[in-house]
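Listed next as structure tokens is one chain, alone, in the form predicted alone.
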Amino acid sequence: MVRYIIRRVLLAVGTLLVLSVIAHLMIDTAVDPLEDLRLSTNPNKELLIANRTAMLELDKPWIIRYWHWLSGFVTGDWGEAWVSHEPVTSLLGNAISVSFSLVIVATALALVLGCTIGIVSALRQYTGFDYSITFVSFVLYSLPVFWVAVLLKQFMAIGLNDFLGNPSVNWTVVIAVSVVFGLFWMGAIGGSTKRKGIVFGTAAVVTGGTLAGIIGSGWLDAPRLSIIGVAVIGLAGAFAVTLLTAGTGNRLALFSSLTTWGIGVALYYPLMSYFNAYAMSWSMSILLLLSAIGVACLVGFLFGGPDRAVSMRGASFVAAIMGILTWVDRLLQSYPAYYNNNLVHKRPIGTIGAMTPNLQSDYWIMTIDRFTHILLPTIALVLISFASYTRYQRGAMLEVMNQDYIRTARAKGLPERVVIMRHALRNALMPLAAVIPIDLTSLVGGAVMTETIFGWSGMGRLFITSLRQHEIDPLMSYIIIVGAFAIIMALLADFLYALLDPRIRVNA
């Protein structure tokens, strides 16, 4: 393993070195920092050209300029954008944080939704549900992202902001949404005609009642989950996690999940008091979440059983659910203060930029602000990525389900949950292990359309701006960072292969 990593690191360094040479030569040939001066009518044009030529060392051979750039890059001096005289490290720091916050959230949501629906679609092959998901996936995949982004700004921003200013129940919309959710769950769960009717009616009634209750009760003006909401949702999550990871027949795994749920409910008020008494940050939030997962692992370990890992894994998921629900509840409690802030103007869904200009407040208000601004670009990216992930996962799942070892597992009498979750799912994730690193690299390289429409100053905007202004240093740093990220993602894909399929060895 160590030899493999060392070999890949050395190969990565060599690749980046060759990439830097080729990229610097191509950029130096393509850009012309003197273009604006050559077209200028300024009487001091020649003097200005001479000064800029000396500043950018344009009178020296290309290889000398490349060596100066490489020496500075290795020592940490990545140059500056000569138009704004801002250090490249500062430009990249802002752009990378913006792009990563957008890409990670969008990819995670698209992956979870795409994989889940793709698996269900494969298990319900040639049904109305499968045909509907296939149709929706192809439609979303064919939509241009800039068109989706503009529609989101029109209906999700302007329309939703108007609705939040004066929420009222639109029964036509409520009934339509209820019918759609009822059809979705009816197709996903399947079964006999009677069972489908019961599922459809239950899902439609629950969805419609929930929407009408949320809007009509004024919950949108002061939203919160409270301990009751956290307990109910967490309990449902505990049973769902146990059902998927171990089966409710595994009593030790079920008790581990329920014990973790009980601890989460018991800690609700102490955590709320802590959140209100001390200044919070993202690092502290992550530390608390990791601590909760650690306690859950201990609970699963103490319950023991023939397979402690199953109990520990299920309890960890439940701890994460309870921790996130409690955090979200505290976040929602700050929404009225954010909504009524003078800088927000009672228009919480942001359309331009990554945050509200000049807004300075505590951790909770700023987190809500980041969420409301990241909402629309995330939805735009999720819709496009979700379509491809659904198709990949459906195709992979169908191929795996026809393999001999799946038929053997069924012939041995294993429950269908075990066949799907333990035997089929891991191998069905192999194609995504190759696709996701590529998608992440392309998104980190810059979701140019999305960033431009929503006014995000990410990596894509940095590249376009630097190219227009003929700035070599930011362009070179951008290319090296994206190239390094692509190499890291390729290495991560190798480890994912070994994790999903034990027959693969990364040190081969």
Partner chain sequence: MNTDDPLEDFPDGIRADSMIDADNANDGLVESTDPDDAQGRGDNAIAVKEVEGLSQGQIVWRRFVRHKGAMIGMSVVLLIAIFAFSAMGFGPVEGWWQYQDPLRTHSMLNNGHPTLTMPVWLGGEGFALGDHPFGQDNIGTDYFAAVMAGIKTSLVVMVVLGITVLIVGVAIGALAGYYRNKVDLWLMRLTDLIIVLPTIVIGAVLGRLLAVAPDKFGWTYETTQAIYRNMPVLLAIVLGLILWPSMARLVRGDFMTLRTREFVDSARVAGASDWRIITKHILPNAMGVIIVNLSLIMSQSVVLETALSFLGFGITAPNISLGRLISDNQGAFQTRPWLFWWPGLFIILIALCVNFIGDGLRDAFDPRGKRLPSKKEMLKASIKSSPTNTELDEAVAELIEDETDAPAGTPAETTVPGPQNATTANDARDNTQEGVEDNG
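Superpose the two forms; the largest set of C-alphas matching within 1.5 Å is the rigid core. Positions refer to the first chain, counted from 1. Note that the structure is a prediction, hence the values are computed from the model and not measured.
A second form of this protein, the form predicted in complex with its partner chain, is not displayed here; the remarks below concern that form.
K.L.:
Any idea which of 329-337, 253-261, 134-142, 180-188 reaches within 4.5 Å of its partner chain in the predicted bound form, heavy atoms considered?
P.N.:
Of the options given, it is 134-142.
K.L.:
Identify, from the list 55, 26, 47, 63, the residue with a heavy atom within 4.5 Å of its partner chain in the predicted bound form.
P.N.:
The option sitting close enough to the partner is 26.
K.L.:
Looking at 161, 125, 210, 90, which has any heavy atom no more than 4.5 Å from its partner chain in the predicted bound form?
P.N.:
Selected residue: 125.
K.L.:
Flag residue 70 as yes or no: does it have a non-hydrogen atom within 4.5 angstroms of any non-hydrogen atom of its partner chain in the predicted bound form?
P.N.:
Heavy-atom contact with its partner chain at 4.5 Å: absent for residue 70.
K.L.:
If you check in the predicted bound form, is residue 32 within 4.5 Å of its partner chain, heavy atoms only?
P.N.:
Taking the distances in the predicted bound form, the answer for residue 32 is yes, it comes within 4.5 Å of its partner chain.
K.L.:
Do residue 456 and its partner chain come within 4.5 Å of each other in the predicted bound form, heavy atoms counted?
P.N.:
Looking in the predicted bound form, residue contacts with its partner chain do not include residue 456, since no heavy atom lies within 4.5 Å.
K.L.:
So, residue 489 and its partner chain: in the predicted bound form, are they within 4.5 Å at any heavy atom pair?
P.N.:
No, residue 489 is distant from the partner.
K.L.:
Would its partner chain in the predicted bound form be within 4.5 angstroms of a non-hydrogen atom of every residue among 2, 248 and 349?
P.N.:
Result no, not one residue of the spot touches its partner chain.
K.L.:
Only counting heavy atoms and a 4.5 Å limit, does any residue of 192-207 reach its partner chain in the predicted bound form, and if so which ones?
P.N.:
Those in contact are 192, 193, 196.
K.L.:
Is residue 476 one of the residues whose Cα moves 2 Å or more between this form and the one not shown, with the core superposed?
P.N.:
After core superposition, the displacement of the residue 476 C-alpha between this form and the one not shown reaches the 2 Å mark, so yes.
K.L.:
Tell me whether residue 37 is among the residues that move between this form and the one not shown (Cα shift of 2 angstroms or more, core superposed).
P.N.:
Result for residue 37: yes, a 2 Å-plus shift.
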